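What follows is one chain in structure tokens, specifically the form predicted alone.
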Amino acid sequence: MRFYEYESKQVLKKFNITIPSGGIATNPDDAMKIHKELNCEVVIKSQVLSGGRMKAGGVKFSANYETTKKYTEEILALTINNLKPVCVIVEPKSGISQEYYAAITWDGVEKKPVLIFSDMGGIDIEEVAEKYPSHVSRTHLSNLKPIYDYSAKIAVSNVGITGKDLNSLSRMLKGLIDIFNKYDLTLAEINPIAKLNDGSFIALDGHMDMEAEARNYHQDLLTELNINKEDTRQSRPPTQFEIDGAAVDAQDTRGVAGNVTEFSGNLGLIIGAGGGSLTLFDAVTNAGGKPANYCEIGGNPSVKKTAELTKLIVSKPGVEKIAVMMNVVSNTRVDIVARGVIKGVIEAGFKPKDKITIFRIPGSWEEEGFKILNKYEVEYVDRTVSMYEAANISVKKMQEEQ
């Protein structure tokens, strides 16, 4: 899940990383009030879960209160990458002498966190790395051993920074490392870190992504940030469909039947088993299909839970049919999933044979599950048919009926 800038800054502040004063506003009058309290030229920034705010007009500078009111009204109405802002940040405009970039993310090749630092902040780090590689350092961090201050110092000194600036920046980076580790983040970024005209350092912008599976371990932080349990946002706020999917999965602890992500296609997917859900989603897309959703199912969810997930997906506007597919599993009963899927389709007002393109779940109690599917004339395949072949069958059926 992704944090808004103002939420990320609250986390930075908890770890003694200096952030600008100011506040958030959901309307022009509140923005003007903050400006009056600051009593200086301000920057007004859109709070959306997307990059490109400056280029889109979502960041503006204002020297007087009426302009702040006008700009806030414009920014709150501005859609950036199909996203509307939830609020704006109003902060003092800073006198900057130098900008830096710092981020910690996961290196999938090395299977370690990597600290990326540059003395050219405020612009895309990819552009800096391509055009000015000597201005970017990459420092891998241990998964097992404690991380000490010298790791941050190495990252900063590798781009030629020394003296007081080295010490100040290293402290900020060590705080960022601690945040990344403590809250199970996949990204902790400050861009830019600004060196002000008086020589001090401040985090002007921050971005953080948390592992979705880590939410339950950090509920205290999410509560502190006023993030509801139903807020399953990723690179955008959750849709109502996704909120409803999370509620289905939370209705009891047996198995997984939810974790849905909404797409605009016409083929609903009930997929799962380890990495099977990702594999099957890609297989449908590669076959020319248009998924209406991503989801996960497995670990023996109850009939009721499976039925509620099915009902949610099959009733989604634009969904013409659904495909029920999983990898080979031993801990999921085929008959329970079959009962749940058929129950959900019927309760949504459809005939299972007309709505289900394919059922492919190789697991325990297969024969019992196949009997249920036969009763309702639902086409199914066993484990001799691969996931890719099953995806192709499903997409072909969709195409034949269009």
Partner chain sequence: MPNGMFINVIIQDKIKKNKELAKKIIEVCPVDIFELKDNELNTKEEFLDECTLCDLCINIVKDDSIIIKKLY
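Numbering follows the first chain given and starts at 1. For clarity, a rigid core is taken as the largest C-alpha set superposing within 1.5 Å between two forms. All figures in this text were calculated on a predicted structure; none of them were measured in a lab.
The form predicted in complex with its partner chain is left out here; the points below concern that form.
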*Answer yes or no: in the model of the complex, does its partner chain come within 4.5 Å of a heavy atom in every one of R339, I346 and I372?*
yes
*Within 4.5 Å of its partner chain in the model of the complex, heavy atoms considered, which of E377, E368, D354, E66?*
E368
*asked:* Within 4.5 Å, heavy atoms only, which of Q98, S315, S137, S302 is in contact with its partner chain in the model of the complex?
replied: S302
*Using a 4.5 Å heavy atom cut-off, indicate which stretch of 182-190, 119-127, 85-93, 303-311 touches its partner chain in the model of the complex.*
303-311
*Is K45 a contact residue for its partner chain in the model of the complex, using a 4.5 Å heavy atom cut-off?*
no
*Would you please decide whether R333 lies within 4.5 angstroms of its partner chain in the model of the complex, comparing each non-hydrogen atom pair?*
yes
_Using a 4.5 angstroms cut-off on non-hydrogen atoms, would R254 count as touching its partner chain in the model of the complex?_
yes
*Does the C-alpha of T306 move 2 Å or more between the shown form and the other one once the rigid core is lined up?*
yes
*Core-aligned C-alpha movement of Q98 between the shown form and the other one, 2 Å or more*: no
_G58 C-alpha moves between the shown form and the other one by 2 Å or more, core aligned_ = no
